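In the block that follows, a single chain appears as structure tokens, in the form predicted on its own.
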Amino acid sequence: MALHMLLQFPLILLAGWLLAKGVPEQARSMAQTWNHAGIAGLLVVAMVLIFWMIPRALDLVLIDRTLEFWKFLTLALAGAALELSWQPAGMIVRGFFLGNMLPMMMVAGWLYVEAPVRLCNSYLSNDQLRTGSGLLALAIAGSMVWLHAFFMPSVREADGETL
């Protein structure tokens, strides 16, 4: 479970992000017609991540190959949507996105750590505990990086971005 959520999911998202880097400028501009200020793309990313944090979805993907295909496809598309939406989103929309996703990861991690029973029947209790601890650590690290980037003006000025 820990490898599934803490390694495989981020790597698939990264693969989608890297694939979207190669999207031609014409296709990018067409995508921006429905993705004004990156909002629609970040909403897609949030919905995909919310779904794949549900314990029942994690169980089902192990027994249903069709659902496993959809996991790979949706996470790769979410990574592409994240790449296409991040720059156009701006600081406020990014802050709203991260301000919702990071606490959601913390709640999911806390739930996995503190649940008195196994939430995913296909994984051992120890793996559930490792996954929860890893989600908490990722959420805390992500929050620290986000806050550092937000409050360090030299980082924003180097990127040419202003509030």
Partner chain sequence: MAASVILLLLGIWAVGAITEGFKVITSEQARRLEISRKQPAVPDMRLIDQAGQMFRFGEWVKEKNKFLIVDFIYTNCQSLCRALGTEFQQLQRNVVERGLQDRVQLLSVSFDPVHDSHAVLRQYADRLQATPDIWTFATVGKASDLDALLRTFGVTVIPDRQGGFQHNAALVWVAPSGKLVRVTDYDASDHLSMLDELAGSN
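All values reported here derive from a predicted model rather than from experimental measurement. Positions refer to the first chain, counted from 1.
Quick note: we don't show the form predicted together with the partner chain, though the next part is all about it.
Gly109 versus the partner chain, in the predicted complex: is there a non-hydrogen atom within 4.5 Å?
The answer is no: Gly109 has no heavy atom within 4.5 Å of the partner chain.
Closest heavy atom of Ser133 to the partner chain in the predicted complex, within 4.5 Å or not?
Close contact is absent here: in the predicted complex, Ser133 is far from the partner chain, nothing within 4.5 Å, heavy atoms only.
Is Ser122 close enough to the partner chain in the predicted complex to count, meaning some heavy atom within 4.5 Å?
Yes - in the predicted complex, heavy atoms of Ser122 and the partner chain come within 4.5 Å of each other.
Does Arg118 reach the partner chain in the predicted complex, with heavy atoms at most 4.5 Å apart?
Yes - in the predicted complex, heavy atoms of Arg118 and the partner chain come within 4.5 Å of each other.
So which of Val113, Leu102, Ala37, Ile50 reaches within 4.5 angstroms of the partner chain in the predicted complex, heavy atom to heavy atom?
None of the others qualify; the residue that does is Ile50.
Quick one: from Leu98, Leu129, Leu138, Leu60, grab the residue that has a heavy atom within 4.5 Å of the partner chain in the predicted complex.
So the residue touching the partner chain in the predicted complex, by this definition, is Leu60.
Joint contact, Leu43, Pro55 and Leu67 to the partner chain in the predicted complex, by non-hydrogen atom at 4.5 Å:
Each of the three qualifies.
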